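Read the single chain below, which is given as structure tokens and is the form predicted alone.
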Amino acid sequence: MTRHFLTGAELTAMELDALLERAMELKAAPRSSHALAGRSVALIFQKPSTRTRLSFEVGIHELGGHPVVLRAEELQLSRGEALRDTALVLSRHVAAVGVRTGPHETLEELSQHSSIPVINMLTALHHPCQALADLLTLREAYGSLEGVRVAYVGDGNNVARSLAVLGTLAGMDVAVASPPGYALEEDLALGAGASGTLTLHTDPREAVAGASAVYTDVWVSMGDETTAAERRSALAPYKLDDALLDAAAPGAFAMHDLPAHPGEEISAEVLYGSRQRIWDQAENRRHAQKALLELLVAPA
């Protein structure tokens, strides 16, 4: 049966634990797996990308496969071809397809008609591949994730949502602090078997109390440009700086999925200082995604 990875909730807690363990093995020996030897994976980019494109292209190559990069303007989708038709064609040529797009519904429709795994490389609602890298980074730091508290401060966006879904599935306590109008939905559906907790806050210092890591993201995401001034004003009290890190648990470090805007959502001192694992996160995208591809793509 074809398995897709659209929100992260498709995984069981046991599968997530095994995936992170496998990612650590692949990080230690990047060329040890040939799971995609002689096979191709399509990567559709309808949104700009740096880390996602780099990590998927290089990761697929390290697994022995060939990444086929397809930009939005190069596809017949841009001229009105149906998603169903695109899915049927992709299914005849490649072993899996990753999609970076806007509406989450686009991904859902593509997956309904694909006989190959569809992987969410980013939608407006979810960014589960980023969350896998986040959990890998936390696991490297703390070993077991059970009971580890991570605080996210800022816009309750796709990054925060995926951190909540996969973090609670891993048994973590996820605290999200956002201003009114920017919070995650209170009835967010978590993965089946999630043993962790999700709490929503308006006070960032309340959220970071006892946290082993403090996470933030940009205040103006792709598509939010028309409300940029309003967003910056509302989110200004949620800046991740040394003072906020000091309110977390001793030894807590900063996290950010990038790109960052130093001086806005994060201070330059934190972004480039010693109290962060942000660049580890960026690298860990590759290793976590390789483990995901091994899980989803059946042996040839």
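It should be emphasised that the depicted structure is a prediction, and the values quoted were computed from it without experimental measurement. When you see a residue number, it is the position in the sequence shown, counting from 1.
Omitted from view is the form predicted together with a small molecule, to which the following refers.
Comparing 246-254, 31-39, 51-59, 266-274 against the small molecule in the model of the complex, the single stretch with non-hydrogen atoms within 4.5 angstroms of it is 51-59.
The candidate site formed by Arg161, Ala183 and Arg231 is entirely out of contact with the small molecule in the model of the complex, as no residue has a non-hydrogen atom within 4.5 angstroms of it.
Proximity of Val69 to the small molecule in the model of the complex falls outside the 4.5 Å heavy atom cutoff.
Of the heavy atoms in Arg100, some are within 4.5 Å of the small molecule in the model of the complex. Put simply, Leu258 is close to the small molecule in the model of the complex: some heavy atom of it is within 4.5 Å.
Of the heavy atoms in Gln130, some are within 4.5 Å of the small molecule in the model of the complex.
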